[in-house]
Each structure stands twice: as C-alpha cells, then as structure tokens.
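Consider the single chain below, provided in structure tokens and representing the form predicted alone.
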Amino acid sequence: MDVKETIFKSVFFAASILSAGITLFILGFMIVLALPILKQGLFFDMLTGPWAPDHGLFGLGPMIIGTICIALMALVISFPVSLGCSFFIGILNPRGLGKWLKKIIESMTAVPTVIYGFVGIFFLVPLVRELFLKGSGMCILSAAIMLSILISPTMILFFVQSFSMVPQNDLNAVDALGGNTAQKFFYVVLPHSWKGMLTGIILSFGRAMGDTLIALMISGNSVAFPGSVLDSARTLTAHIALIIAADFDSIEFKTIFLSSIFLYIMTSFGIIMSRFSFKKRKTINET
C-alpha cells in the first residue's frame, strides 16, 4: 500500500472518530444537564404534557407537536417544487437555462435565515392573514411556507447531484428504445438516484426542525396545542431561544436540555432509518 494512501486513510479515520466522539459528547452533555429531571422520572410526562409554568406544568408537548407539524409541512410543500426544479435543471435543460437556475439556487444557500424571517413578517404573514381571514397570520402555515423556501435549495442541489450520477449508458438505452423524457425520468433516473434524494430529504427535514429564527419570528410562539395549520405554535428551537434567559437552577431552564435531546433523537432516528433502508435495498438487489 502506498505511503500517501495510508496517511490519507489514517487522517480520514481519525476525523471520523473525532466527529463521532464530538457527537456523543454533545449528547452526553445534554443528558448530564437534564439529569435533575430524569432522576425525578418526569421525562415522558414533560414530553407529552402541556406548558404552564404558573401552574407547575413544564410539558414540551405543544412544542414537539409544533416542531413536527411545521417541519413536515415545510417538507411536503418543498418536495414537489424541488423535484420539479431539479428535473428542469438536470434533465430538461442542463446546459441552458437550467445551468443559470442552478447558480441562482446555489446563491440562495448563502442568504441569512433572518432575511427569510423579515420577508415572512412583512409579506407572507399579511398575505396569509388577508387570504384566510383568521388569526394574526403568524401560524404554522406561514412558518412552513417560509421554511420550505429555506430548505428547497438544499433539496434541489442534492437531487441534481443524484441525477448526474445516473449511468449514461442507461439513458442512451432509453433513447435507443424510443422512450420519451418522462419515461427516462421515472423508469431510469429516479430508481438510480433515490439514495441521494433520500439523503437530501433527510438533511432538509433536519434543517427545518433545527431552524430557529424563522419559527421564532413567524410561527406565533403559542404554547397551546395547535388545532389547525392557521393556529400559532412554538417549536423546540424557538422554545430554547425564549427560555435561555431563565434562572439556571429552575425546572423551566432545564427543559431546554430535554428539547435538545428530543431534537437530537429525531435527527438521529431519520439518519438511522435512511441507512437501514439503504441496507435493506442493497440486500434485496443482491438476492
């Protein structure tokens, strides 16, 4: 084995071990700080109960529901738009207008999140309020729409990269058989690129769950369980930002570590499920 190759392998292996160690350290750090609550056996009660500090109730149920609803709705809104844009960029017109559209989307990843928040407050929120004639407009729907714009560039770039990895011989075979663009996309491109697409979806969902400013500025930050998409809600990240100034020794303050643990578990669960699906698909293909 070449010396340079050995050095590179050693460096990458050390980097992977360091990354895993830092990730586990962060989880352990949050668990240690949440021990006062865990020792009291209040973990599951606080994950499902209501939030009413004045009555001694410190449940994170409304924030968990709000986080999941906003992130899932953002993903549902963003997915078809991202798939259509990536189809245009990678399949229909990869060297013409699609090339410039890709550059614009790449530049969108550099826009600060607070800019999206301001656009949401001064444009989207009044629009939703006037359209549905209910509430203040600061609701789950407004936050989800703005988050879908935030995560779309990530999803699109992953989709386009996945499409570019499809073997050219397979695409030429479809053309030789007289297949059209739609048949090429559905029967060749998608089956070959689903792994990369799933990675983009998972990362986008994680970013939607982990975003703070958009949810903090647009969702309304209500601590009640939401009943519809037009109701205000508070996400776990917004909860952490709003509670961070509380007394360090209070139970109210310690709930932010439970919020962090839940976000950590949800993100890890998504990654584990994606890896499990990869392994299962590989086993099926081998058999």
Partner chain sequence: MKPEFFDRLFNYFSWGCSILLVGAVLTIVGFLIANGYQSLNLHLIFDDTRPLDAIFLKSQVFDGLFPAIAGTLFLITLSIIVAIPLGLATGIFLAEYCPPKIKGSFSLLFDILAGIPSIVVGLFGFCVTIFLHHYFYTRLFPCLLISALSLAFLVLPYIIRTTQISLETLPLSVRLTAPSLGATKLQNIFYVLLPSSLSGILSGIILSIGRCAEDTAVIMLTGAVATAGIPKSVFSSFEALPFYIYYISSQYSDNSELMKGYGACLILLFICISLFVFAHWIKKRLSQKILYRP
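In this text, rigid core is short for the largest set of C-alphas that superpose within 1.5 Å between two forms. Residue numbers count along the first chain shown, from 1. These numbers were taken from a predicted model, which means no experiment stands behind them.
Beyond the structure shown, there is the form predicted in complex with the partner chain, which is absent from this document and is the topic of what follows.
Next on the checklist: Using a 4.5 Å heavy atom cut-off, which residue among 173, 165, 115, 76 comes into contact with the partner chain in the predicted bound form?
Outcome noted: Of the candidates 173, 165, 115, 76, 115 is the one lying within 4.5 Å of the partner chain in the predicted bound form.
Checklist entry - Heavy atoms within 4.5 Å of the partner chain in the predicted bound form: which stretch among 98 to 106, 129 to 137, 68 to 76, 193 to 201? => result So the stretch in question is 98 to 106.
Checklist entry - Can you check whether residue 257 is within 4.5 Å of the partner chain in the predicted bound form, heavy atom basis? => result It does: once the partner chain is placed as it appears in the predicted bound form, residue 257 has a heavy atom within 4.5 Å of it.
Next on the checklist: So in the predicted bound form, is the partner chain close enough to residue 188 to count as touching (4.5 Å, heavy atoms)?
Outcome noted: Judged by the heavy-atom cut-off of 4.5 Å, residue 188 is well away from the partner chain in the predicted bound form.
Checklist entry - Taking heavy atoms and a 4.5 Å cut-off, does residue 156 contact the partner chain in the predicted bound form? => result Residue 156: contacts the partner chain in the predicted bound form.
Next on the checklist: When the contact criterion is heavy atoms within 4.5 Å, does residue 205 count as touching the partner chain in the predicted bound form?
Outcome noted: Answer no; every heavy atom of residue 205 is more than 4.5 Å from the partner chain in the predicted bound form.
Item to check | Within 204 to 242, the residues that have a heavy atom no more than 4.5 Å from the partner chain in the predicted bound form | outcome: Contacts from 204 to 242: 210, 212, 213, 216, 217, 237, 240, 241.
Checklist entry - When you overlay the rigid core, is the Cα of residue 35 off by 2 Å or more between this form and the one not shown? => result No: residue 35 shifts by under 2 Å between this form and the one not shown.
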